[in-house]
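Given as structure tokens, the chain that follows is alone and in the form predicted alone.
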Amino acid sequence: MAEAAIGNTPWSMWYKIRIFINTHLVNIFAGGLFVLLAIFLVFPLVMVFLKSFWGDDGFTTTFYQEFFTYNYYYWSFLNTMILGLSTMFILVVVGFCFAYMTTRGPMWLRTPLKICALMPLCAPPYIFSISLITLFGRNGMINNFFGLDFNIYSWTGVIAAQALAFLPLSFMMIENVLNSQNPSLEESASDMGASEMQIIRSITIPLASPGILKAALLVFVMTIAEFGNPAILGGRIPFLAPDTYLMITGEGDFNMASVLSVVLMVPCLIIFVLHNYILKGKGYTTIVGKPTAVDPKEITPVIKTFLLAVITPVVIMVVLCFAVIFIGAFVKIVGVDNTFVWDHMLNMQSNEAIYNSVKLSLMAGLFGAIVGTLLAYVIMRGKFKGRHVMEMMALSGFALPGTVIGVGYIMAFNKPPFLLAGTIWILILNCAFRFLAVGVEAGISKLHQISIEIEEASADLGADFITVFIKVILPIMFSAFVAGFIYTFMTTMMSLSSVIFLVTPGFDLAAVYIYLTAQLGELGLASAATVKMIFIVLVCLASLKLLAKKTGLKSEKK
């Protein structure tokens, strides 16, 4: 009787609940995260697809028929593909040249070239439109100085702006794989009489294929989704992303905007599938232990000349573009009236927009990093079916154009039960889930390096799952958390392609403010807002790095 009484006590019930939670917490996490992914990534995409087939009278293919019969949309699609593919090709070549020079080139050149290749990360992609207009516009500084009649509002201007904006993506992906290659392979080939060109063609490039293909995929997706540069510099050239924006803001036609979004999404998915198919089953591992140290071999003069011929114009343009932005923030009209003024920097509307962007970016970064870290753990340590499906869902936001996700959020969350339109939460969730992939991949990479025996040993010593997760796993995965936070914070600050659909009047964001002022020809205000944004991003990143150092939790081990 006494035992039965004890078994029915509240304490005993709480103990059973704790045991149940401890045993099934991974599955509980998995269920909750799956619901979040389904609602905030899959549901908006489904809404876009359904809206493209659903008119006032129900199911219809009229909107697709209009797309395929109207000549304007044909040229819009064709131009978008040309822009994506041409920028992709240019940046694969330029990114490889930069990466090769920073990994094999002269030591004194490596750091400056790396800084130059990464500089565009600190600014919104469309600042290059502002810079190029200032340099090559009708009254541009270079046009006036050399008496040129160059028209920047053309294909040349759009492709140049997109290539400069997304250079860091290509460079980082390719440099990463070049750094991972075992240097003794190239050294052995050289000892056997192979020329440097033969080594690059037969060894370096084939082994760098994963990074090159990832760079190509990312550049293509980002290029066709980013409509700031095409909208500002494209003139009368139609592109899908700007057309989608105008279809919603100008005509309020969500059906046709959905069709354009679906058409924009299809080539991204095709390239994503092809990318995985090409890499599937192929081995690219060249380091199975500690790589053998070899003395760096100097690049041959012919190769170095070619690489520098490709890199130098890009370096000059990146430096010129940033210089124009910084100068333009402090003068009336750069190149026309260079009188020093503070008016642009003190503009209160831009200050409020930047404050809103910082607040949004911090919240999205924190939420996205938490969800990404938990997702990585669930995918790696969970034993349930559907883990790979969850990983694909998490990566989908990165593989799809931001324009599509922005349109999907408008349709999915503008009425109950998910009425988020008009609130800051729709922006936070959009950015957090769109950029979730980096935190997830960083977490998975980290867990690959952590033996599960650490967790098992802690459990054998009596620690329950919650204790092990909080005291063992989270501190080890802190670097992945920081990576997810930093990336989401920076990209949210700079992002335009999805948030421009979701902002409401009276709540300005810096990216939207810069784009709209640039379109109105207020280049001084746009330049000043960009300078302030760059400064704030750098201060926030420096503060985060200092915090990590002070607390002893470092994001990277060098």
Partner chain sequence: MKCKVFSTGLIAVLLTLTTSITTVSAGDSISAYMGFSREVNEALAKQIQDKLGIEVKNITLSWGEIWARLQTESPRFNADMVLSFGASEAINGAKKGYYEKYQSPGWDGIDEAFKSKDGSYYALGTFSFLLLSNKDKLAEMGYDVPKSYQELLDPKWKGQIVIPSPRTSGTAYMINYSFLQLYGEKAGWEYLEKLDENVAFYTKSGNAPTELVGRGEYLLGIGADENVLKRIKDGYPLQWTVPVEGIGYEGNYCTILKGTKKLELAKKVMDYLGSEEISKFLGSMGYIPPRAGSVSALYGEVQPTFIKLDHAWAVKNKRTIVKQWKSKFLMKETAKAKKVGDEKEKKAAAKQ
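Numbering follows the first chain given and starts at 1. As the structure is a prediction and not an experimental result, all values here were calculated from the model.
What follows is about the form predicted together with its partner chain, which we do not show.
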Since exactly one of 362, 109, 399, 118 fits, which has a heavy atom within 4.5 Å of its partner chain in the predicted bound form?
-> 362
Would you kindly say which of 381, 332, 387, 114 lies with a heavy atom within 4.5 Å of its partner chain in the predicted bound form?
-> 332
Residue 441: heavy atom within 4.5 Å of its partner chain in the predicted bound form?
-> no
Any non-hydrogen atom of residue 302 within 4.5 angstroms of its partner chain in the predicted bound form = no
Are any of the heavy atoms in residue 391 no more than 4.5 Å from a heavy atom of its partner chain in the predicted bound form?
-> no
Is residue 502 close enough to its partner chain in the predicted bound form to count, meaning some heavy atom within 4.5 Å?
-> yes
In the predicted bound form, which of the stretches 83-91, 302-310, 419-427, 167-175 has residues with heavy atoms within 4.5 Å of its partner chain?
-> 419-427
Flag this candidate site as yes only if 103, 160 and 342 all have a heavy atom within 4.5 Å of its partner chain in the predicted bound form; otherwise mark no.
-> no
Residues within stretch 106-138 having a non-hydrogen atom within 4.5 Å of its partner chain in the predicted bound form | 133, 134, 137, 138
